[in-house]
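Single chain ahead, written as structure tokens, the form predicted alone.
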């Protein structure tokens, strides 16, 4: 059972016994059946944060002590000082692996310190011996050197640093898509660690942070590396990426109750809604080619091929996940993730007329909102009900602002929509017996 729910259950047991809902014997049997809850999570997070900050401050203080006469020191002394944090970090990491292999907090803090020490050592040695290079080369070298720490130390903070680093590297190569596209195989190396983190504890902060950073970095990297030679293809690429994130976030996350524990579902769902809402406006389809980011028609054949392969793989994954949810009868999830399929149809229809894409996505958002409202009533889920009402309200308000209708009628529509919110929630609470 999820540790969060188990802690909640143990907190409720004394009250249930006091109210004679359970006997003391039954409560004791429940505790014996599930066992004691180990609660290292909060302490580990604190140790990781403060341990990393402390190590960073110590290293920064040592550097500052020598900074005032750094240029006067001989090269050998500067080289030794530059490599000292790296050597210390390696010794600490080895000690943790040999003496404290079960301590996740020590692994995270020492691996993070060593990751930062690697970057500092590269920068200082390059400055000492006047080794020339650009920022992109420095970042990529740094990230590749700290990559083994992710798996040797089973540490997630170096994985986060690595993902952010390769994303920054891809961004520095936005004008060279053939190089930026290398982000995808580099990011794929972290996927096994992400799977391991989810299997360790799907509800833990570690899994949430790595998932969140992976999703955000993938979105940024897509804008740097994909669709660079196909005008307007972003209307298919980004819904597909958000759909993959959304579908992945709904996998084995049904019992999660807080948004911070389900970042993939939140980011994917929010991204899909924002894109679908954007697709309901005429300007989006009228100037589709003009909004294409960084079109580059001088891409080499290899870069072009890699772009197409990764783009098609993302779209195919979104379609397969859509089909899988339909097959498993997760109709509400599947319908929300159908945006990439509609985007493909709208993309080709837009070559003939901008009216049909507008009609498709306005109808889709309207039906999607209604489906969530109906599901909210049917499943007694107020969050689902209000989400559907909010989506429908946004669509109605946008269409009224987008049309030549008098302010009186627009004002009345606002009032009607507000009444609709209140009535829907009133009906919901009456169904639950909350209002007599």
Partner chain sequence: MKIKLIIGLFLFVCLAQIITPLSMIANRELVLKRGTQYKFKVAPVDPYDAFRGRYVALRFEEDYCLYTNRDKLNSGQQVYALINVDERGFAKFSGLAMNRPEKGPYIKTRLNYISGDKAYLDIPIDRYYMEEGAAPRAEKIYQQHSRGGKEDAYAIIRIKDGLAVIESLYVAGDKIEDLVKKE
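If you're wondering where the values come from, they're calculated on a predicted model, not measured in any experiment. Numbering follows the first chain given and starts at 1.
Although it is not shown, the form predicted together with the partner chain is what the next lines describe.
Proximity of 76, 131 and 153 to the partner chain in the model of the complex is complete: all three residues have a non-hydrogen atom within 4.5 angstroms.
Though the partner chain is absent from this view, in the model of the complex it lies within 4.5 Å of a heavy atom of just one residue from 160, 93, 194, 314, which is 93. The contact residue chosen from 332, 145, 189, 219 relative to the partner chain in the model of the complex is 145, the criterion being a non-hydrogen atom within 4.5 angstroms. At least one heavy atom of residue 126 is located within 4.5 Å of the partner chain in the model of the complex. The closest heavy atom approach of residue 118 to the partner chain in the model of the complex falls within 4.5 Å.
Contact annotation: residue 320 falls outside 4.5 Å of the partner chain in the model of the complex, judged by heavy atom distances. A residue is said to contact a partner when one of its heavy atoms sits within 4.5 Å of a partner heavy atom; residue 272 fails this definition for the partner chain in the model of the complex, lying far away. Contact with the partner chain in the model of the complex, defined as any heavy atom within 4.5 Å, is confined among 323-331, 279-287, 76-84, 228-236 to 76-84.
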